[in-house]
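Single chain ahead, by itself, as structure tokens, in the form predicted on its own.
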Amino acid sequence: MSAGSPVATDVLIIGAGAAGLMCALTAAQRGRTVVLLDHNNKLAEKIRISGGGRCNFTNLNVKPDNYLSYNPHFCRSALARFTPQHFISLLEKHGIRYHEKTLGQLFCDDGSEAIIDMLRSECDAAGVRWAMPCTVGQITHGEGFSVQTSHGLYRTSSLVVATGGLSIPKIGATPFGYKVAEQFNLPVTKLKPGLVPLSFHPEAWAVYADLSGVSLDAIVGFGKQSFRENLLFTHRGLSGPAILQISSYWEPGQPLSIDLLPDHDLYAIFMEQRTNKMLLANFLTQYLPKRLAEIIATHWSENLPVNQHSSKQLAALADKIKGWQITPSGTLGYGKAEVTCGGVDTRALSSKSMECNDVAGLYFIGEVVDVTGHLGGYNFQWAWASGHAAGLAA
């Protein structure tokens, strides 16, 4: 394409990830001409690597409560109009098999590649044009939008930004979408890594570093929010689903509260067993992983027989095991985060169409928007739903 011949299209979408693909196929099926640009030469890398390559593409239990946003009601409209069942119907149309894991999470039997192929073929069938790899330069706005790219100049009346967040930079994450928002004077809320392991100062963690690889069912809480799932000790800190979930809520400098024995009233057990002559570590091993029981017995108490501890000591130990207060030093950052918390402020967008209230024809969808889902397929459902909402409007 020569620089002198602008290409006109009804809808220009920047970012060929989950939200961009859904928006493209939805708009093209309405008869709109659509061009989909991406700086990567590989399509939808985040879909490809998600769920260990099996793509946890949605969750059967999706509801607005599963999302964080400064405006928690913003996601309602899009999620109500494109549900998990709509996406499942698309999979069934293409004969793609899937299975449910715990807590309503749906995974693809044939690997995430099957979902990418499905979205690509839906786009192709609807006439979407591709420009990949393609870098985007200047965007100007007058009558519609002019977008200068490495493929030449595009003109469009509807520009959709679907460029994702800052998480997983090794597959191409950039702050591009936030810069476009800034150019058009749209507020962006505070950004931080979400669904990310938590780290501790090496000295503070030295006692627990040997527990690397130990996991257990726990309740992890911060403020009014708590999650009950697996918790995993690592050499640098804590991970596992319960920690990833709470990390999106956690604020630096604040302690987490962890119940290491959710199904037991440990105080009652200790009071019943006050005369037990078993060493504390051996006693706790009946309820907790052996290495953890040993560390608790030696570092949180004295590893004496249970009957040599006073009721007061046993009560204090029960309280600590049921409500361990521990303050992370930080997170493992965007490199290990599954999502970016924060984004384009939803107050600047229409919840029905994802269009900017003050800039006609400009849309933001997916992770670049200040809507962050819990772990377990919720972020993909937001991508499908927000992409579909913009695709119906653009």
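Throughout, we count residues from 1 along the sequence that is shown. This is a predicted model, so every value here is computed, not measured.
Just so you know, the form predicted together with a small molecule exists too; it's not on screen, but the next bit is about it.
Asks: Looking in the predicted bound form, is the small molecule within 4.5 Å of a heavy atom from each of D38, A162 and G366?
Replies: Spot residues vs the small molecule: full contact, yes.
Asks: Which of these residues, T331, T346, T26, S50, gets a heavy atom within 4.5 Å of the small molecule in the predicted bound form?
Replies: Of the candidates T331, T346, T26, S50, S50 is the one lying within 4.5 Å of the small molecule in the predicted bound form.
Asks: Have a look at G172, G144, G240, G152 for me and say which one sits with a heavy atom within 4.5 Å of the small molecule in the predicted bound form.
Replies: By the 4.5 Å criterion, the partner-contacting residue is G172.
Asks: Determine whether any heavy atom of I168 comes within 4.5 Å of a heavy atom of the small molecule in the predicted bound form, and answer yes or no.
Replies: Answer yes; at least one heavy atom of I168 falls within 4.5 Å of the small molecule in the predicted bound form.
Asks: Answer with yes or no whether L12 is in contact with the small molecule in the predicted bound form, where contact means some heavy atom within 4.5 Å.
Replies: Output for L12 is no: heavy atoms all beyond 4.5 Å of the small molecule.
Asks: Indicate whether F176 is a 4.5 Å heavy atom neighbour of the small molecule in the predicted bound form.
Replies: F176: contacts the small molecule in the predicted bound form.
Asks: Is V339 near the small molecule? Define near as a heavy atom within 4.5 Å, in the predicted bound form.
Replies: Because a heavy atom of V339 falls inside 4.5 Å of the small molecule in the predicted bound form, the answer is yes.
Asks: Looking at heavy atoms inside 4.5 Å, which stretch does the small molecule contact in the predicted bound form, given the options 323-331, 353-361, 39-47, 26-34?
Replies: Among the listed stretches, the partner-contacting one is 39-47.
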